[in-house]
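First comes one chain, alone, set out as structure tokens in the form predicted on its own.
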């Protein structure tokens, strides 16, 4: 299959599928090698790099999808009537989870200084966090971590990218003093 045809097939697959797919999944579905899929992804990235496009090819957590460009997020949310932004408590809890994952409820509460039950339930309902198993200690507390949706919504490719960005910001601030 020619590269333009593969790129078009990939575009259709990502559009119809909706949820992010790994390179291996894309290769399997398109019945071609990962190098060819990477070349097709590169073609789509070029196609959508124009300022006349409202969408982009996005890699989040090693998974690829079509997504709106970040500059359109606010407008799209207002047009579609998406839910209100996360509360400060939810953002704080999400930050703790992203920085320390996998993490238990009690560890989150220790950092925040308040109960996290309702906030955890809300973040799970929104699909931003998930259970990652249980800690092997008495009581076997649940371990929480972020989801692929969290990465997609934040535009991150991995939680490590967030940690790196945070460390860079801290280093910049420290250099000011």
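Positions refer to the first chain, counted from 1. If you're wondering where the values come from, they're calculated on a predicted model, not measured in any experiment.
This protein has a second form, the form predicted in complex with a further copy of the same chain, left out of what is shown; the following refers to that one.
field: All of 23, 105 and 135 with a heavy atom within 4.5 Å of a further copy of the same chain in the predicted bound form
entry: Not a single listed residue reaches a further copy of the same chain in the predicted bound form, so no.
- request: Using the partner position in the predicted bound form, report whether residue 54 sits within 4.5 Å of a further copy of the same chain, counting heavy atoms only.
  value: Residue-level check for residue 54: yes, a contact with a further copy of the same chain.
query: Does residue 37 reach a further copy of the same chain in the predicted bound form, with heavy atoms at most 4.5 Å apart?
result: Judged by the heavy-atom cut-off of 4.5 Å, residue 37 is well away from a further copy of the same chain in the predicted bound form.
message: Using a 4.5 angstroms cut-off on non-hydrogen atoms, would residue 68 count as touching a further copy of the same chain in the predicted bound form?
response: Result yes; residue 68 sits at the interface with a further copy of the same chain in the predicted bound form.
message: Is residue 143 near a further copy of the same chain? Define near as a heavy atom within 4.5 Å, in the predicted bound form.
response: Residue 143 lies outside the contact set for a further copy of the same chain.
task: Residue by residue through 101-118, tell me which have a non-hydrogen atom within 4.5 angstroms of a further copy of the same chain in the predicted bound form.
output: Stretch hits: zero.
query: Between residue 28 and residue 156, does the Cα distance in the predicted bound form come out closer or farther than in this form, changing by 3 Å or more?
result: They are closer; the C-alpha distance drops by 3 Å or more in the predicted bound form.
- request: Just say closer or farther for the C-alpha distance from residue 98 to residue 68 in the predicted bound form, relative to the shown form; it changes by 3 Å or more.
  value: Farther apart in the predicted bound form, by 3 Å or more.
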